[in-house]
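One chain follows as structure tokens, the form predicted alone.
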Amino acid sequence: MSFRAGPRKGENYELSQDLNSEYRDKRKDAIKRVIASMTVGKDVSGLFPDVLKNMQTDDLEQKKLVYLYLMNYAKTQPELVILAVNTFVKDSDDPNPLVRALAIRTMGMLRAEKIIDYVSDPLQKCLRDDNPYVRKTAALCVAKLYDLKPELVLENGFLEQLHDMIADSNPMVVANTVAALSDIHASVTSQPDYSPDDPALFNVTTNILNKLLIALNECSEWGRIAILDALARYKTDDEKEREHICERVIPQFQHVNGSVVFAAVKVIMIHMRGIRREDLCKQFIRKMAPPLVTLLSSPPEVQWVALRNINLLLQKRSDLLQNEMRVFFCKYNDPLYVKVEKLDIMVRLANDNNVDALLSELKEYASEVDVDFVRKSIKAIGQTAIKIDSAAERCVNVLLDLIATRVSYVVQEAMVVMKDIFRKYPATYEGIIPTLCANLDELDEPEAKASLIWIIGEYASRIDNADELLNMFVDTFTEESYPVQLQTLTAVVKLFLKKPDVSQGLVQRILNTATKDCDSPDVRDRAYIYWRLLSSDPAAAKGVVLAQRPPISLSRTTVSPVLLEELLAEIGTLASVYHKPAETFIGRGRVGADSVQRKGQDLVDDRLATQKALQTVAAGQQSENLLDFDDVPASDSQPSGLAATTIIPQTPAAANLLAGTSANPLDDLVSIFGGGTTGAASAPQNPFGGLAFGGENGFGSPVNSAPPTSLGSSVASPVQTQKPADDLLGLF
């Protein structure tokens, strides 16, 4: 006997059965399983009607779960969401304030057009509710409703009610009201054509200011951030009022949340601009230091954000952490991104009092195993030498100790740093040049080689064997990278100007090599300039090549003063972390339905335009020949430009072009033109028409020598040997 199994039921079928069970516990358990499936990404939208039946219950936990399901699937089932309206309206009158707040919060988050019109009456009641929890929830619902339908908010007077709620006795209601008004304000100001008189704008007045300052100390951390952001936008010309705001905000420095601390720092930095009493400003700055130091004991990610903001603050107020150098010393387990920020800040804080401790620390870092960190540490030693004149000699001694280790990457980075020190202090540390030259064999990186070559060229008159050292680089000139080639060329010319007797052959050789065998236009151009200078006016050459250069200095800021002020007004946001204005990284790259639709329309427009243009070409209509540089006008009887070109419309390429289905329009366009007969007969030998590049003697030259001749031939030869069959691609 065989038993036939019935059709297998899916998991959703079982859940549907349990959701409609007569037992309450079974229904609740089924709802939990539905939410669990939804959380892991399974599609349970088909159970919408069954879940909806379980909305009307006295069990608060079950109601929360059903509301959570509704928020997730309201967009996919907009027709069925309308069935939940009666329950929402009923729950908004429930005796339990948690149920009332839950109902209004869920209605605000459904974002379904059909339910928006039903939100107004329950929202009106909840904004005037006796319970502050319901009022603070309703305040945020107004901002969500404004995002969906602004005119509904304005018609029902919700904005006026929000402004009245700023005077609420409960600080959490005040904080949520400020957050909602600020959100609406940001939404309005993001529109390019908004009016300054728009009623939705939230302008902080003196009356509102006092209410915000009263509520500030009593609300949650998120509420404090919302209020502090509003205080940062407050504008006043009254110095006393600015001082009052700063004094009331300073206690927020003691808050455990780093976001609150940075929001308070932002308010202080903005309002300090209008305070002329320097002693008071220094007092505020002194109180700002301890909370910033405390943030450095946070996890690495938070620490990095704090360091980026501290870096910005130090660019404005260098005295902010002048006695706190040691807290920025790197720990063995710090990630590289934290160490790099700490190095930058340590250099900013360096002064005569702490430079010895800093150099000792940096020397230790230079013996670490992380190559990137070692390089940045050595670079920091050089920056310290440039910043503090009195410590330069100590920095040079540390660098010499590091060079003596003979570790390749240490020596190379030290060489780059020494070049900067020589530029800052010319003719001061010439005694160490033999030590640097002795490490020539250690160098294999372009930047290090270029640095040593610069030093040799700059001090060629004091280095006895400068010609021998440079000769080594001239021998391998064509194999070196472009920066090394440029630096070698300049150094040899410097040597020739300082010691013409011993280097005449060397300079002739390198100029010949650079102009004939080098494939970099920059190197060739510089070689020609030097050649002409040396041959026409050696005195002018000396004035140009050996000109006195201004000493370099370390910039106090990494951004412009205007941008610095803008970023300080954004402390605690991504703008202050990236050190870039918000508009440079917000609003781009986000792909929504509208942008996809616009992109699709643009693609259709481009395709139509391309097809029309190609059809014009293929039809042989009269067109202006933009590639004809001759001054001779075209004959009236003959077609000119692309219209004169013979086409072969029978080819598959032409058919693709005319249909607009070409995969590679440029290749197809080229392939439809005649290649060997009619089109070739009328093609000129020089595709550039009457525009001659060389004139009689090519570029010309101040000296009658080989390079200019070779240049003229190298330019002319491709034009003269061009085959008549070359098509449009040969013109570009």
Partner chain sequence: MISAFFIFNQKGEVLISRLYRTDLKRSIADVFRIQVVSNSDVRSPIITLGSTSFFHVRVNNLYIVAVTKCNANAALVFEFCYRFTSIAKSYFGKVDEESVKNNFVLIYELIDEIVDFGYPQNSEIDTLKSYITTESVMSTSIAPEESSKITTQATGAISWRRGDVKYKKNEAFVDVVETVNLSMSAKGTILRADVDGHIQMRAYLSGTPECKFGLNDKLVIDKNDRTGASDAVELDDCRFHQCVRLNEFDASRTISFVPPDGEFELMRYRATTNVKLPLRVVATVNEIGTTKVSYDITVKANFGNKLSATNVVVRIPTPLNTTNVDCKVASGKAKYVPAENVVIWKIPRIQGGQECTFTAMAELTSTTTRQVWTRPPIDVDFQVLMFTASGLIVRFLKVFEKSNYHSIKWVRYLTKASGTYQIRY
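Numbering follows the first chain given and starts at 1. It should be emphasised that the depicted structure is a prediction, and the values quoted were computed from it without experimental measurement.
Below, we turn to the form predicted in complex with the partner chain, even though it does not appear here.
Sort through 428-436, 510-518, 545-553, 103-111 and report the only stretch with a non-hydrogen atom within 4.5 Å of the partner chain in the model of the complex. Stretch with heavy atoms near the partner: 103-111.
Identify whether the partner chain in the model of the complex is within 4.5 Å of every residue in the set 59, 299 and 304, based on non-hydrogen atoms. Looking in the model of the complex, the three residues 59, 299 and 304 all sit within 4.5 Å of the partner chain (heavy atoms).
Exactly one residue in 465, 318, 254, 558 has a non-hydrogen atom within 4.5 Å of the partner chain in the model of the complex; which is it? By the 4.5 Å heavy-atom cutoff, the listed residue in contact is 254.
Go through 499, 233, 128, 286 and name the one with a heavy atom inside 4.5 Å of the partner chain in the model of the complex. For this set of options, the contacting one is 286.
Whether residue 240 contacts the partner chain in the model of the complex should be assessed with a 4.5 Å heavy atom distance threshold; does it? The answer is no: residue 240 has no heavy atom within 4.5 Å of the partner chain.
So, residue 211 and the partner chain: in the model of the complex, are they within 4.5 Å at any heavy atom pair? Taking the distances in the model of the complex, the answer for residue 211 is no, it never comes within 4.5 Å of the partner chain.
Looking at the partner-bound form in the model of the complex, is residue 53 within 4.5 Å of the partner chain by any heavy atom? So residue 53 does not count as contacting the partner chain.
Contact between residue 365 and the partner chain in the model of the complex at 4.5 Å, heavy atoms? Yes - in the model of the complex, heavy atoms of residue 365 and the partner chain come within 4.5 Å of each other.
Residues of stretch 64-101 in contact with the partner chain in the model of the complex (4.5 Å, non-hydrogen atom): Residues within 4.5 Å: 64, 65, 68, 71, 72, 95, 96, 97, 98, 99.
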